[in-house]
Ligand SMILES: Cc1cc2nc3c(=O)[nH]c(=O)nc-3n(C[C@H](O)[C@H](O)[C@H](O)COP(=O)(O)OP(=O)(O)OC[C@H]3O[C@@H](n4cnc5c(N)ncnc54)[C@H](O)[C@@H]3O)c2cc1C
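Below you will find one chain, with nothing else, as structure tokens; this is the form predicted alone, and questions on how it binds or moves follow later.
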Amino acid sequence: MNNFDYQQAASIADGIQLVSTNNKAAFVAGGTNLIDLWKYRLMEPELLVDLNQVKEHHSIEEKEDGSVRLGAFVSNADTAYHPIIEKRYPLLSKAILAGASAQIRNMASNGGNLLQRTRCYYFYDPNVPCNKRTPGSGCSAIDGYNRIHAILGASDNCIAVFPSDMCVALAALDAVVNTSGTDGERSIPFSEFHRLPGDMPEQDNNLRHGEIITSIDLPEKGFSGNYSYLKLRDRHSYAFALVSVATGLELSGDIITDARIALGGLAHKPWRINEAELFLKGKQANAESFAGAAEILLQGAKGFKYNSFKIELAKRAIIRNGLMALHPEQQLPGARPSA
């Protein structure tokens, strides 16, 4: 690790000033991903600006319009177990608890969760080409061991996937990311926050240098009656998703009146297609309907040598998770969804 200066920010404005004027400065809150990147020399900040002394944005609050605001500096664990989140947004709670380990969730911040970088092994290996690490050098994963890589939204420059579980649920819930920077404050729809790789895979999101995530807003509708988060992975815990699905439903009898489906482990950002959700409206909540939505969600999917299995796995996961959402009380280890 390189030598660096360390400074505590007294306020959001103070932190923005310190980082925006130094291209090699970085923010730290929980630091769970930053330290990994640092150890592998994927980032070498000259100045580390600690945000933990900032007094604002450390709480979860219900707003007058019925929405809920998640402070960016609240830990993932405190968010998952917060009574408001467990009651109104259980889909988010389940997704957070499916990620990482208890120790990491205790440290990781909500804002930092959104800023995770890919866990692609080629990205972490300085001895092989990686367009995300060194733009223009090539993507080793395309012709390499690509079992964990993208089948949706990829480009010839990058087939890495975004690793967050929390963000899959936030995408399904239509969250809004609030930021502050030298140009003032912004509110960014969650669907516009992360980027597909395109010609600039080195840019994971649309956050500007020196800009800070201050909070995340959850709309009033939380799909607390019918929801499910399904994560398929190589190990039961401490593993990133091969495929994950966040599903929220509103039902009138057995008819779907509203639906949300977001996918993780398959693309450079959480994957959501509005047409699939529109397809489900007015349909019976059964395997056939979810299978139709799955076909829409996986349109254009492209597998590589070692990950083509993800296409069929994702379709089956969407169907299974839709059925699980009909009976969220059955979502216990070993429980099987009702048909």
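These figures come from a predicted structure and were not determined experimentally. We number the residues from 1 along the sequence you see.
Below: the form predicted together with the named molecule, not depicted.
Using a 4.5 Å cutoff between non-hydrogen atoms, residue 116 counts as a contact of the named molecule in the predicted complex.
Contact annotation: residue 276 falls outside 4.5 Å of the named molecule in the predicted complex, judged by heavy atom distances. The named molecule in the predicted complex comes within 4.5 Å of no heavy atom belonging to residue 152.
Although the partner is absent here, residue 104 is a contact residue: one of its heavy atoms lies within 4.5 angstroms of the named molecule in the predicted complex. Of the stretches 81-89, 158-166, 219-227, 249-257, only 158-166 has residues with a heavy atom within 4.5 Å of the named molecule in the predicted complex. A heavy atom within 4.5 Å of the named molecule in the predicted complex is found for exactly one of 298, 68, 285, 34: 34. Shown here without the named molecule, the chain has no residue in 172-187 lying with a heavy atom within 4.5 Å of that partner in the predicted complex.
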